[in-house]
Structure formats: structure tokens, C-alpha cells
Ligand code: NAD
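Next comes just one chain, in C-alpha cells: the form predicted alone.
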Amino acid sequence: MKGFAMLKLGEVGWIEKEKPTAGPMDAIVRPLALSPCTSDVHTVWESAASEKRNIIMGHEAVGEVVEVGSLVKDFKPGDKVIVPAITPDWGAVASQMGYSQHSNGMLGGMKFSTSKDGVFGEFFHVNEADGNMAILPDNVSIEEAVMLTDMVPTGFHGADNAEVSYGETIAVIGIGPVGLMAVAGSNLRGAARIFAVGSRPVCVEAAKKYGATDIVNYKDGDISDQIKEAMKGRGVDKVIIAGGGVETFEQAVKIIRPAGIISNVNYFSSGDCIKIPRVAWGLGMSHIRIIGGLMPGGRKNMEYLSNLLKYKKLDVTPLLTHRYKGFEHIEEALLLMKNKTRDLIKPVVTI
């Protein structure tokens, strides 16, 4: 089969590989809609974790089942399915402890284009199919559904880990597609005032649609100064970090109130250490909680999130700024994510 791959650090291209095979609990899926991610860009051009060679890229896909293993109960060839970016091993001890994202090791649930080929191939493999796929609802398009595989659950996980609640004031740093979904998730959880930190007009307008009440442009000065001024010197209840570099943590600590929560869902692809300012952190005694988390994967999450689209509680179409038709456009869509034009939020390739 043909696949679009990371050939080595800084180089991508098309390669030929053997079609994957399904174990007894697995499935083979043909992609119908794909989307490149900023983390793909980090992996190829920044060597975010470790250099990969000749590995098919991609982890955001909606597809059609073409083959299932002998022990798969709930899916059959021809089913249209949503496949999350994170596909844990559900029998692992970490999964039983409630941390399925880290099944069999740190970030072990993140398999696509790390421990195995990703979804940018003519076929891709899904482990533990009954636990890691969800049926695509009839009234949800494949373009919308592909946003459920990573962008929506990652942004919502930021709001979940921040324990956003009714009437709270939230700051979301970074309003790319993940940050926008953090805004939407915070709004759904009842946040009253939401600061959205970003500069691109297309993202700012989307943030307002999703519930942002205040826009903070980092190009206008230090974001902690801007937010503190708007808050009359008080800190916000929760901060969700969805963009920026390691220096973003320093800003987050400066704008959070004592005993607040900083929730990170940003993929830090460079930098050796994260700085926490000593005084702003209350000399280490502020009761500020800091949590970082990889989005949860699995079938249940995909089914519940797809219900939000099915019953019109969430509209992801503002994320879909660029649409391509045809497998051959994957490279173009990936380079668009790399270059981040001013009118971009998220590209989708339908096949």
C-alpha cells in the first residue's frame, strides 16, 4: 500500500509498505477523512521526542472498516468509524488504574506514528477494535467527525483537568484548534468569563463564537499584565495552556489565583526545562495545582463526544477552514499546518 511518511528528520514523502494485518482483537480501516496536526509538524521538523524513519504519519482519521479479527464483536466490514488519536491497551495495569493514555509506559496509548504506522496510508491498523473505535452517527459528516479524534477531546481534557465550574473565570492560552475546543469545553462546563489569548483574526472570531468574553493579544504586551489589569489585580480561577513554548508556564503562574489550577494540554516539542516563577508561585506554598495530560482515547469518549455533534450541542465547522479532496493532498495539508497561514485553523482531507 501507499502511505505518506516521515522519512527522516525534516523530510517527508510517499512510500510503499505492506498492508497491515489484523490480530484477533484488531481491525484494518480504510481512511475516509484525515487531518494533519501540529504535533505531526513538531515530530518531523523539531524531533520532538525521538527521530523516526520511514514511519507513516497521522493520527486523526475517520474511516471504513475493511477487516476485523476473529474476536471482534461489535464491528464488521463496511462500518464507518471514528478512530481516536489515542488507542490504549485496555488490559494494561495503567488502564485499570484510570490512566489508559499511559498503558504499558509513558504515553503508551499514543501509538499512531510513534510505535506503529499512522493513519496517512491507504489502510491503517487499530488495536483492540471494540475498545478503540466508535460508529459514525448518521447525521455527523466525516469532516466534522475527524475533529473528534484529537482536537475536541484534547481541548475538553484541558477543561476537565482544570475542573472548570459554574461562574468561574478562565484563561485559555493559545487559541489554535485545541485552544478553541478548550474555550468551548469551558463554556459548556459553565465558565462565566473566558480570556482567550491569541492573535490570528480567524481564531479570535472562532473563540468568540465558542464563548470567549475577552480577547488578549500577546503582541500587545505581556499577557499576565493585560489579564491582571482586566481582573483589577486578581488572579483567574483556572488557566488552560493550549499553545506557546515552555515560557508559557511562567505566564500561567502569574495570572492564576492561590489554590487555582493550571491545566496543560500543549505539546512541548523543545526546551529542556519549564520555569515556574518562585514568588508568583507563593514561594512554593500557593496551593496552585499544575496538571498536564494527554487526551483520553477509546470508544466511550468518541461515542459521548459524537453525541454532542449528533444533538447539536457543539458545532465544529468553524474549525474547518481548509478542505481538500483526494489522498494526494495530504502533503499539501500538512505543509499548510507547518506554515500556518493567517486564515488557517484546521485542514481536512476527504478521500
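One-based numbering along the sequence shown. The structure presented is a predicted model; accordingly, all values stated were derived computationally and were not measured.
One more form of this protein, predicted together with ligand NAD, exists but is not displayed; see below.
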Taking 4.5 angstroms as the cut-off for heavy atoms, does E247 touch ligand NAD in the predicted complex? yes
Ligand NAD contact at G176 in the predicted complex, heavy atom, 4.5 Å: yes
For V197, is any heavy atom within 4.5 Å of ligand NAD in the predicted complex, or not? yes
Classify G243 as contacting or not contacting ligand NAD in the predicted complex by the rule of any non-hydrogen atom within 4.5 angstroms, answering yes or no. yes
So ligand NAD isn't shown here. In the predicted complex, which residue out of A162, A212, A252, V265 has a non-hydrogen atom within 4.5 Å of it? V265
Which pick from F75, W281, Y99, Y218 sits with a heavy atom within 4.5 Å of ligand NAD in the predicted complex? Y218
Using a 4.5 Å heavy atom cut-off, indicate which stretch of 127-135, 162-170, 89-97, 145-153 touches ligand NAD in the predicted complex. 145-153
Determine the residues of 317-344 with a heavy atom within 4.5 Å of ligand NAD in the predicted complex and present them in sequence order; the list may be empty. M337, K340
